[in-house]
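Considered here are two forms of the same protein chain, supplied as structure tokens in two stand-alone entries, structure 1 and structure 2.
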Structure 1
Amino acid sequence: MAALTAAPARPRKLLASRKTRVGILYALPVVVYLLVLFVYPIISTLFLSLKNADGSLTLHWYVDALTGVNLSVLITTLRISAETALLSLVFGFILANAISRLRPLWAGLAMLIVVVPHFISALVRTYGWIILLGDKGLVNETLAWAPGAPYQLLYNELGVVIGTTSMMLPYTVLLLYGVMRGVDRGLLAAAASMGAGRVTIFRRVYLPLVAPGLASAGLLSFILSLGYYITPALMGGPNQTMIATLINQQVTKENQWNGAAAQGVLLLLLTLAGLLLVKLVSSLGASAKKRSAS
């Protein structure tokens, strides 16, 4: 075991310089591409967000973005994204777990059903949701006997989260499915053979094995939700306005690029903060594991 891992380490050192040169060559097109089309636009957006009407530097676009109704929209965005991430993680986990136990043909079919809504136009999808969740919709008609019916399932936060969660499910399911397929079922069997109960196996063996997938799936749906606005606009009310809507309004309606840039930069910072958080949590988890192992 030790010899196996040590063997490739020595020649790697010898090859290092040539490998690096080749690596740089391979990486060059992508690096240039990213510099021109990614880094440069982001930096110019940053400058745009700091520029006054007369060209001097200012922070007042950020003050604008972080006060009054704009701040409450920002908080709403974070809240809805967190709710979406959590729910799509839970449902994605259940779904992926079920699908990973299916035979490949059925698994493929189930995946298709999860992914298909993505290819339907937003309006048709919304129409479908209204048929399902509206006052005269399927759910409310079936629950007509229940106290308090009809329930308000649309045009509020519940509606938005239902919508965004369904949009995020393909990502979390695909991600978790891949991770779950990679789990060695033998490990679970081994744990069982040593007398571990189902809950213990799930908690001590299965969950740690899929945990990295959970972290990245949750992060992905959180980040994607941050920039969402079609679903919240269609299925929510004004209280579910997301920051992307404001950015869109400023650019397309008011030709106000500076304010939009400031909000874009804030959105980017939030995304980076999310990434950092996950990194932090996972490295804390890793060090805790190391400590318990030693």
Structure 2
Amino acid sequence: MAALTAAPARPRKLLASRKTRVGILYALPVVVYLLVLFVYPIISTLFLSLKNADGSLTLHWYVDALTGVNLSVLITTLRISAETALLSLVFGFILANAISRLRPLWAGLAMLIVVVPHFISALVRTYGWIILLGDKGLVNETLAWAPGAPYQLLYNELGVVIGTTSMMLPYTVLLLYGVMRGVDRGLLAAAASMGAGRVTIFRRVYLPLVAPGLASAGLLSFILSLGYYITPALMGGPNQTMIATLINQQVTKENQWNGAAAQGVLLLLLTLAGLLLVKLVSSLGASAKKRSAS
């Protein structure tokens, strides 16, 4: 009896080992791809940021990145990214909320209008904003009757924030639309049937349900804005230099690869911190939904 029961065990082990070998064989190209195109460049950049000209290890480049002009550039980057995320949330919330209340056909058409410009080159869209916001552009021509016209809408922080917000808005609308479309409208109707007003329903029922989506969309806009280059470089002035522009200047004009590598590592750490926050917010939102469902 023991021999009969032990006989099938060996074929099962052989089959499992064969599946393991096949899985490793299929995964090997992916692993090599990630190592060559992602892991190796990151490690190389990290070592470059820790090297002196003579090859010795140092933290000088990180100290330099967090002091003086470089620190002010980092603060400017964080400030403009935060302003972009906030404005993207405000306008994205209004748009996504309006679209989520439409019938599926009209909602699909509206989302198409929001998303299609995103497939146009960022450079083309940026030049479009430069034409619109210039002294002789459509905006200033329309507001020619207003006191103080023409307004300076380019080569300052206002112009940069307008441009970056327009670039981030499709991401925000897409995220918020998915969250808002999934809200159970029966909960809102139940709150209304119990005598709650519109403001109370929005504040006590609707807003908590979409809050995780708001946090994720805001953090995503903030993360994407941190490393944005084209729009701030073309629509901003010297006081709106962001970290991506600084890295480009250090590499192309100053030939300072070590300092640029340190700036890049700092940008990577900020991005990773933002992604961890997004994951934390998503997990908290999922647990909150489970609690409300139970």
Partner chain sequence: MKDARIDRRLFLRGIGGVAAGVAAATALGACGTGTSRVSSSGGGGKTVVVRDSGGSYGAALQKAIYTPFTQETGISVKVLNLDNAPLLAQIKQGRPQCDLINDSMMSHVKYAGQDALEKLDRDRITSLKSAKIPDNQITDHAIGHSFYGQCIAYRTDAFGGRKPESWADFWDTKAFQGGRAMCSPDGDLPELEFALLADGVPMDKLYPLDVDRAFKVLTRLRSEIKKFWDSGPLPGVLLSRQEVTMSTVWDGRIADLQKQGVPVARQLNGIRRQFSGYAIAKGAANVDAAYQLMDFSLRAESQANLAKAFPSNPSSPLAYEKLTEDERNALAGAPQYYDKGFDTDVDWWLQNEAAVTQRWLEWARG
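Quick caveat, the model's predicted, so the values are computed rather than measured. Take the two forms, find the largest set of C-alpha atoms that superpose within 1.5 Å, and that set is the rigid core. Here, residue number means position along structure 1's sequence, counting from 1.
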Worksheet, complete the sentence: Form predicted alone: structure 2
Worksheet item: With the chain broken into two rigid parts between structures 1 and 2, is Arg181 in the part that holds Ala85?
Response: yes
Fill in: Whole-degree angle by which the smaller rigid part turns once the larger is superposed between structures 1 and 2
14
Fill in: Rigid core fit between structures 1 and 2: Cα deviation of Val39 in angstrom
4.3
